[in-house]
Ligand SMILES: C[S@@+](CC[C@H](N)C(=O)[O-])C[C@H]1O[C@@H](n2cnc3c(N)ncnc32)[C@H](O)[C@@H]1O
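Taking the form predicted alone, here's one chain by itself in structure tokens.
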Amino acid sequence: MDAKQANILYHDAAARSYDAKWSISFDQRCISYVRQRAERMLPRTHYARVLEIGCGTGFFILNLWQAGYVERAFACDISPGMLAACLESARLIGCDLDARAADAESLPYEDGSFDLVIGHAFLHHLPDPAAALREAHRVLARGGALLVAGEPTRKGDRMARVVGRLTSRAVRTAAEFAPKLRKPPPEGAASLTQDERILQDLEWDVDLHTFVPEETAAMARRAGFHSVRVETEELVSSVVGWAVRTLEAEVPPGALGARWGAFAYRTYLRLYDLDQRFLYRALPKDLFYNLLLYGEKA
């Protein structure tokens, strides 16, 4: 199975539970998250025609629309299941979204169609990220801009994986002394739904790349962009965040208590503030987990 087919199957299977798994919502919490990245990277606060490539369930484009940055919203994704979830969320918040099934490396739009092209955590799924950047450049109008966020850096991803493994071992050790932390053993493959089997089988086949900031900037310039800028975010907040996600995946539902979610989110916000206000000034960009890319079309 090639990478694109694996991504279609995986994300179709993930679509119904994706927002719950990643705490995606279309309320003030996620609007604030998206607005914060837009304020950091974009020179303007309003764009007429905005396309999101690899939109998933709509987290980035719909919350950016709610934040007032988007007049007319367009979205595409290679996964029909993700598109269906995105359109349903758009309907619920009242956004008249134009959505199409499309390959990021061959977009079904005319040259110069958009004032802003955005993407969130999609480049690392693509066999050819450079081709997607060239397509983004093609469909942008002159003077248009590109914003990509949520892409894993190479060092940040390695750190996250180490944290995940260590947290998993710690939880299993703790469960020897606190049985309520022990998840019931799986009932076997026969008990899994088709979607659960697909997610289990393809989990490690859909993340294809991590990124080095300087190399990513060079790739954007080769695609035709100028005024290219790469920033990163989340160091301590990422380490704690991945530990939290691993912990939540390892223990039975409800074992952490009703207040856990609010506590974890407040902790993330405080650590993110620490990262950006203090650590980002002193440490190399490539240590931070998430990469953000900005560029303009001349």
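When you see a residue number, it is the position in the sequence shown, counting from 1. Because the structure is predicted, anything quoted here is derived from the model rather than measured.
Beyond the structure shown, there is the form predicted together with the ligand, which is absent from this document and is the topic of what follows.
- With respect to the ligand in the predicted complex, the three residues Asn7, Glu52 and Ala121 uniformly fall within 4.5 angstroms at the level of their nearest heavy atom.
- Considering the ligand in the predicted complex, the lone stretch of 91-99, 163-171, 137-145, 77-85 in range is 77-85 [heavy atom distance within 4.5 Å].
- Heavy atoms of Tyr18 reach within 4.5 Å of the ligand in the predicted complex, making it an interface residue.
- At least one heavy atom of Phe59 is located within 4.5 Å of the ligand in the predicted complex.
- For the chain shown alone, Leu116 is not a contact residue for the ligand in the predicted complex, no non-hydrogen atom being within 4.5 angstroms.
- By the criterion of a heavy atom within 4.5 Å, Ala220 is excluded from the residues contacting the ligand in the predicted complex.
- Listed residues Asp195, Asp103, Asp157, Asp201 were compared with the ligand in the predicted complex; Asp103 is the one with a heavy atom within 4.5 Å.
- Shown here without the ligand, the chain has His11, Tyr18, Ile24 in 11-47 lying with a heavy atom within 4.5 Å of that partner in the predicted complex.
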